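A lone chain, given as structure tokens: the form predicted alone.
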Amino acid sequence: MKKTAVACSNLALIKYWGKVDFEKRLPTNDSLSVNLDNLTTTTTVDFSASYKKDLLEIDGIRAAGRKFDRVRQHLDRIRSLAGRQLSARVVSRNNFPSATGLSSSASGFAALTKAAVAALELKLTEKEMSIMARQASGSACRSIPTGFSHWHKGRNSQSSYAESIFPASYWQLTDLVAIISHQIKSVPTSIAQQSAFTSPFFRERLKRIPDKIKALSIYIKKRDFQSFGELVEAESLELHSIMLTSSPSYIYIYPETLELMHQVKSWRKKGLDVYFSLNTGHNLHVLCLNKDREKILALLKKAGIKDIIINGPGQGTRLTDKHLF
């Protein structure tokens, strides 16, 4: 009863921040995202009577504490649905830095969900798989479908899920992830989100989200990169302004992140179509069209960025025969 799945992390283009139900991970607002094809998690899940308890290994290290508890609780959800109580061995590998604002929990729990569901021979639709993944990590629901996704906030658990609005092949975009640091975030996103409503600007943000969703969907459909980039960049700055003005406040941006943001703006003034985005971390996403990839890559290296991950739009979560054990 062993299965392995591969999932892409995703970049939130219109962000979700704050929850109306923390237990079920129901968000305060809809969001749009794109899967990233070179930020992936591979996870093997094996259910067997030979295991006396659940075992979890992440990136070669035996996991315990909060990470282990979240995985065990999610396995319990899937076991309950399947009517099986077998313990499992889980081995997971990321090909990018974890817990640095690159949404490793999204790819991690999407891969875990797909592999565990398959290992217990459950037959779930993509929507049901997205709903299941969301209960472990909100953003994981967006990694289940392919390409560009819309996460509907819903009114309850069964109506809160993500669906693909455009396939990965629809638009040839490049996301250059500039690794500013491998340092793990001091405060997990799930904790920081608990302060969302304390920002004096948060309720105003929520009023504007539906129009942003509509506008960005149109920009993607038309492949209007300038309008797309302007909105995505502004959206990432707005998200961090909410975190900065919450109580307690959270500052995820490093000085080096801020400097690179200025650099991107200066390149744009010189005529390059390039924009940035941030998730809840310090590593910067630099967005451009494929035709400008090499120019932007050279500029990033010249700016002193040594570790760069090149991405295009990625596929949805899928099974593989390449097991990790």
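Quantities reported herein were computed from a predicted structural model and do not represent experimental measurements. For every residue, the number given is its place in the sequence shown, counted from 1.
Same protein, other form: the form predicted in complex with a further copy of the same chain, not shown, and the subject of what follows.
Options 72-80, 142-150, 197-205, 111-119; stretch whose heavy atom lies within 4.5 Å of a further copy of the same chain in the predicted complex: Residues of 197-205 come within 4.5 Å of the partner.
Distance check, F166 to a further copy of the same chain in the predicted complex, heavy atom within 4.5 Å: No, F166 sits far enough from a further copy of the same chain in the predicted complex that none of its heavy atoms falls within 4.5 Å.
L258 within 4.5 Å of a further copy of the same chain in the predicted complex, heavy atoms: Looking in the predicted complex, residue contacts with a further copy of the same chain include L258, since a heavy atom lies within 4.5 Å.
4.5 Å heavy atom contact, L244 and a further copy of the same chain in the predicted complex: Output for L244 is yes: heavy atoms within 4.5 Å of a further copy of the same chain.
Touches a further copy of the same chain in the predicted complex: I218 (any heavy atom, 4.5 Å): Judged by the heavy-atom cut-off of 4.5 Å, I218 is well away from a further copy of the same chain in the predicted complex.
Listed residue (K270, K53, H262, K291) with a non-hydrogen atom within 4.5 angstroms of a further copy of the same chain in the predicted complex: Answer to the contact question: H262.
Proximity to a further copy of the same chain in the predicted complex, single hit among I213, I179, I253, L231 (heavy atom within 4.5 Å): Spelling it out, the residue with a heavy atom inside the cut-off is I253.
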